[in-house]
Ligand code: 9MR
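Quick heads-up: it's one chain on its own, the form predicted on its own, in structure tokens.
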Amino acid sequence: MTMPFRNTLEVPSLKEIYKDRFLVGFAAGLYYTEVEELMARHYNALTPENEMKWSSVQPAPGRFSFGAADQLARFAEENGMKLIGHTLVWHSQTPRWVWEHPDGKARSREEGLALMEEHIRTVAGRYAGRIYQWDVVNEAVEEYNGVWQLRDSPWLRVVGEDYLEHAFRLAHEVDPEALLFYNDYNTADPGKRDRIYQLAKELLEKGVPIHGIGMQGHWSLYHPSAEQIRQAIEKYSSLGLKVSITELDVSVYAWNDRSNRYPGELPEELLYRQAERYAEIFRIFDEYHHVIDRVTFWGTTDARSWLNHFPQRNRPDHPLLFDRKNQPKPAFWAIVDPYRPWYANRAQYLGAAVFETAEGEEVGTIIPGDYQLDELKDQGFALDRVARVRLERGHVVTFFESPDGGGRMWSYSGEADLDGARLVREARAMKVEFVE
């Protein structure tokens, strides 16, 4: 059986595309092994999704467990990835014993600070010199009665408002080379944005070693607006801080949508809307690449997104760049070059025109460009077997009778019948031109 002619390129590497602008990373647990080659090809930063959180590394007082975190750290280092620490101080996924005695009585401020110090010295100390960024404090701002303020968390109740200051100072003392970030969700929403800005400003005025703001980026097709994202990046960076997009995904559901409308594959219309949304977001990232240090996707493929198991929803979501079969989606192609249509990017690498026999067997695939038919024949393209041409959206194939574009010409768009034998017979010197 004759193999089809392929004039195509490899799927491009995201870390190579953005290497002069910012790091491109992913978050995962040990399930990264399912797609480790894919992750190594595209990303140069790795965040352990849960494996460095308190409940994972210190589930009981003084009993530390680093097996899973160490495995992820080794994978990152073996593949030249920056290792991101997530997270040292958080109100969630932290055992109750951190703030309470066995009898339920609250710990004193001194006890809370001592446990925080032991934990940070042990965990950050283990990876000192290996961590690029730490999410030191996570999600410490919340709204109460219309006012944005420090979250009423056990850390606030046991230690007091200065628990953030203590956490950052300790982390810097233990690992002075690591960049230290405050990380939160809804960071583009104006009210929360302004409170986080004020919090960071106050820490800086106290000389606290904070280096950046982590914008989680759990966004959707509908929210936040591009302008809100832009304004947030500008506001945080105006303090001289770096900005990282730490947990990016784009849900196809609005936040308050409890339905399960897309349990299987996404309709094409939604795939295309998601691609356009990713392109919009990455145009902003490109605009502010001088202050954005890292963009990390929260998960590996749609099959492993946390949104599939989000509390009270329990439905499949489709928020990432790779589908459940590990194949790049239109969203992937959208960020290859966010200034061009995603389908133009895909055609540039995987081919704009597929030539087939009458039975649908692929004869050849060609990326956009100008070609001499005789040259294609010499490379093994069996043009005389072609009966149909199938084109990527937005593309046209035109056959010219002579290399200078003179004489007769034939144009095709979409899917059309094509008499390849006639072309070979009547126009041996034809030129093929693709026009977007």
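One rule holds for the numbers: they count along the sequence shown, beginning at 1. Note that the structure is a prediction, hence the values are computed from the model and not measured.
Missing here is the form predicted together with this ligand; even so, the following discussion is about that form.
Novice: Answer yes or no: in the predicted bound form, does this ligand come within 4.5 Å of a heavy atom in every one of 216, 247 and 306?
Specialist: Every listed residue reaches this ligand in the predicted bound form, so yes.
Novice: With the cut-off set at 4.5 Å between non-hydrogen atoms, does residue 138 touch this ligand in the predicted bound form?
Specialist: Taking the distances in the predicted bound form, the answer for residue 138 is yes, it comes within 4.5 Å of this ligand.
Novice: Is the gap between residue 53 and this ligand in the predicted bound form 4.5 Å or less for some heavy atom pair?
Specialist: Output for residue 53 is yes: heavy atoms within 4.5 Å of this ligand.
Novice: Decide whether residue 238 counts as a contact residue for this ligand in the predicted bound form under a heavy atom distance cut-off of 4.5 Å.
Specialist: Output for residue 238 is no: heavy atoms all beyond 4.5 Å of this ligand.
Novice: So in the predicted bound form, is this ligand close enough to residue 262 to count as touching (4.5 Å, heavy atoms)?
Specialist: Residue 262 lies outside the contact set for this ligand.
Novice: So this ligand isn't shown here. In the predicted bound form, which residue out of 326, 93, 108, 225 has a non-hydrogen atom within 4.5 Å of it?
Specialist: Of the candidates 326, 93, 108, 225, 93 is the one lying within 4.5 Å of this ligand in the predicted bound form.
Novice: State the residue from 342, 155, 298, 253 whose non-hydrogen atoms include one within 4.5 Å of this ligand in the predicted bound form.
Specialist: Contact with this ligand in the predicted bound form is made by 298 alone.
Novice: Counting only non-hydrogen atoms, choose the one of 384 to 392, 368 to 376, 406 to 414, 42 to 50 that falls within 4.5 Å of this ligand in the predicted bound form.
Specialist: Only one stretch qualifies here: 42 to 50.
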